[in-house]
Structure formats: C-alpha cells, structure tokens
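This document starts with one chain, in the form predicted on its own, laid out as structure tokens.
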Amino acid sequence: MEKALNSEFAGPTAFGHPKGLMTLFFTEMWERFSYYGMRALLILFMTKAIADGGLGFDDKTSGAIYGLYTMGVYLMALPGGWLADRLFGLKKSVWYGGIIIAMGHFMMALPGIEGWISDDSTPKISLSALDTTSFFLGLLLIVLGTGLLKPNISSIVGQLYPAGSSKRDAGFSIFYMGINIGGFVAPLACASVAEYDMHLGFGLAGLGMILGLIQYRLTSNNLDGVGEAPIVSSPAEKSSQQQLRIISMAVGVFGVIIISILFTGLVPINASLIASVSGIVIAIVAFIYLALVILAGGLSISDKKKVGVIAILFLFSAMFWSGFEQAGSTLNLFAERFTDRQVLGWEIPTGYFQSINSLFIILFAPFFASLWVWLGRKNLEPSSPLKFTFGLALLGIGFFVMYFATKIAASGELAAPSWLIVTYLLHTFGELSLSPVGLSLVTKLAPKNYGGQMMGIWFLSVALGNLFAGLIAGEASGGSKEGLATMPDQFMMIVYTVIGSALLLFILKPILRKMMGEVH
C-alpha cells in the first residue's frame, strides 16, 4: 500500500494507521487466542474431579495456582522487557516468545494426544506422571514465553506512532480489538474441543500461536525500522543501567524459582501461602525498581515526574485487574456451578461465557477509539487519570450487579445468564476506559531507552492484579456450603474497595496531570 499523501507516518499506511499495526494486530490476535483459549479451561480443569479427567484440586489451591500462573505471565514481562531493550530487540523477542508459548501449549496437550493415538476411551481414575508433569511444565513454558512477547509487542505499537500523534490512542484501541477477536473465538473453539478432552483443548490453543508466528514472519517487512536490536551502549550508560539490570533479572530469577517449585511439585507446597508472599515481594521489587529508575537512571526532572505517575497509576491498575481478572476464576466457577446454562435441552459449555467480554470489546472498541479522537478534536477528551477513574467505577458497578446474582445462588436457585452478561458488559466498558489507555500512556511517559522496561513494570501491575484475583477466587467461589452463604458479602466487599479506589484516584487527578506535563 502506498504511503498516504500528507500522512504523519514515514512508512506505508493502512486505514490511516501504519501498516505495521496490521502485522502486530494479527500476531497478538493469535497469541491471545492461545492464552484465552487455555485460560477458559484452566481453573475448570484443576477443580474437575480426577475421575472426570481433571486434577481434583480444591477451590483454594486451584485459585492460588491460577493466580500464580496468570501473575507469572506478566511478572516475566520485566526481565522480558530488559532482554528486548538490551539484547534481542523488540521484534526478535516477540518471535522467540511465541515459539516458547507454542511449546508450552503442546506440552499441556501431550496426555490428550497420547490417549487419542492409543484410542483409549476409558475414564481416567488416576493421574499419570505424564498428565501432571506435562501440565505444570507447559504452564512454566507459557509463562516464560509470554514474558518475552507480551510487553514488547505493545512497545512496538507505540514506536509506530510519532510523538504527539493524535492517532496513538486510537491505534492502541484497534490493537486491543485484535486481542479480543482472538479472545472471542478461542473459548468457543477450545471449550468445544475440551468437551471431548481438555488436553486437546490446550493443544488447539497452541495451534493458534503457531498461526500467529507464521503470519508474523510473512509480514515482518511491515516493521522495518522499529523494534530493532539495540545499539551497544556507551560505558557511562552501561554503568548507570547496571543496578536496573540486576533488579530486572532478580525479578526473573524469583519468578522462575517460585513457578518451578509450584508447577513441578518438587517439594510439598502451600499454594495460597506462596501466592500471598509472592504478591508482597513483587510489590516491593516493583517500587524499588521504579525508585532506582528515578534516582539512578540519569533522567531529567520532567522524566522523573512521569515515572512517578507510572508508579502511582501502577497501584490503581493492580486494583482494577484484581477485580477484572476474576472473569477467568471466580466468575468462571459461578457460571459452572450457579448459572442456568440450559437452552432448549442443550447445556452451554462453561467456557463459552469467557467469550462474552471479548465480543463486547469487538463491538465497542471502535466506538471508544472514535470517541477519544472526536473529543480530542474538540479539546474535550478526558485526561488519562480520569479515564482510569471511569474504568474503576464501572468495574465496581459490575460487581454490584453480581452481588444480586450471588444472593440468588445463596438461596439455592440457579441465576439467569443475564446477570453475568450485564456484569461483563460493564466490565468491558471499564476495560476500554483503562487498559488501552494505560498501554498508550506508558509509551508516552516512558523515558528514552526505557520503553520495554516501563512496559514490563506496567505489566507487573497486571501480574499483581491477576495474583489477587486468584486468591479472591479461592475465597469467593462458593465451593462449600459456608462459602456459598458468605459469597454475597464477599462480593459487596469488592464493590466497596473498587469504588473507594475510584474516588481516591479522582481526588488525585489534578496532581497527576501536573506531574504528566504536556502528556495527557
């Protein structure tokens, strides 16, 4: 495609955006297909009885492992960002990460493939060594691969747009829509296959990652000039980065050790305790890292203030994701146990509900992208902190809806699917107000040569949110008679916490805008 006349972009464009956005759009779409396809099955597989082909874990253990896994995929974003910034470059990191992710999904599929080849249709009455080992090693590989791919592909999107581009937020919203096309199709496809064998559902997720890698390689010329391997730094710059390198790699080592112990079962573990301690350690490490960037990163006063904004919004981002990411755990189990899924004599697979959020993203992402551009032209666009406030408020309202659904469940009745659908709609509006805006904001606030690392830090907030979401799921899933009775109160506590965070952020908004300077 020819470069558009009077375009603000140096290279070829497509639909008014850099053509490289399409390459990243489809790569991330297939990567998210693999991630959300597997995630839709994960907690269901762990809580399913052994005789039914699951792992037979209780809710508390399953929730903690789920939280540690989803934390891990974002925790490894920090060392993944450092490796991209200092060694591989962004584009190669995406490629290598995708390969490792695919290996992980196929590792999880091995027991199902073994059974299919041997044509063994008898129900499993015990866990084989292949079953447990391949499952946990597969999770470990996905964690490592996602750490390389996830932060760096978002950073490449940011590099496609020149400083001050009015289309940057819209570009990230389009990119986000690609994520959710994969997220919509994956649970439907993988959950359907999982009706026969969950391991084969995991394998289908891996096939999606392979398709993404093929597409990425075939259209890589669209990314010429961005995300290249880094130039060797001067001795002075190397010295100033030494402490940051140590912290970054320490996070990686910590993550690998924790995940390896948990997922390989080398020693007796208490998953909930490990998850709780991990959350504290990650929060401390993240703020030490940000402090070192501010104090020893050789930044200007303006850049130090911008990194400070990232640090403050880090907390609110973690709060948002701790609620939102209960979609794959608490709300997934609610759909399985307490939702009437019968339609004309056919029972809807539980995993299908995981597609609802992505469907709403597909429908409304273009609207939000156009809304920000339209308001920007009229100088009425809300600031990024205000968009964050909207996101948290909508998340809280969504859980308020679920409070009434849990009251129905606690009474012994099955709740209508509409309760979950309305909750996912409100959470989707919150996500569109916060998530793509947060990604875009980090690329604008990150100092030069810190793009991958700041995106890695940002994904640490998502890691913390995912971890807390898993821990909450272990307590609020209603898996016992006592838990079912207290479930409405637990959901109301979530409402109070999230809405309170939204009010606090609204109060801090003027301070944050001043620290951001010209960035909005």
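Keep in mind it's a predicted model, so treat the numbers as computed, not measured. One-based numbering along the sequence shown. So that the term is clear: the rigid core is the largest set of C-alpha atoms that superpose within 1.5 Å between two forms.
The same protein has a further form, the form predicted in complex with glutamine, not shown here; the description that follows concerns it.
Of the candidates A318, I179, A365, I310, I179 is the one whose heavy atoms come within 4.5 Å of glutamine in the predicted bound form; the others do not.
In the predicted bound form, glutamine sits within 4.5 Å of a heavy atom of V462. In the predicted bound form, Y74 approaches glutamine with a heavy atom inside 4.5 Å. Taking non-hydrogen atoms only, D169 never approaches glutamine to within 4.5 angstroms in the predicted bound form. With a 4.5 Å cutoff on heavy atoms, Y36 counts as touching glutamine in the predicted bound form. Of the stretches 298 to 306, 443 to 451, 210 to 218, 319 to 327, only 319 to 327 has residues with a heavy atom within 4.5 Å of glutamine in the predicted bound form.
Contact residues in stretch 407 to 431 (any heavy atom within 4.5 Å of glutamine, taken in the predicted bound form) are limited to E431. In a rigid-core overlay of the protein, A194 has its C-alpha displaced by under 2 Å between this form and the one not shown.
For Q326, the Cα coordinates differ by under 2 angstroms between this form and the one not shown after the core has been superposed. If you fit the rigid core between this form and the one not shown, you'll see the Cα of I153 move by 2 angstroms or more.
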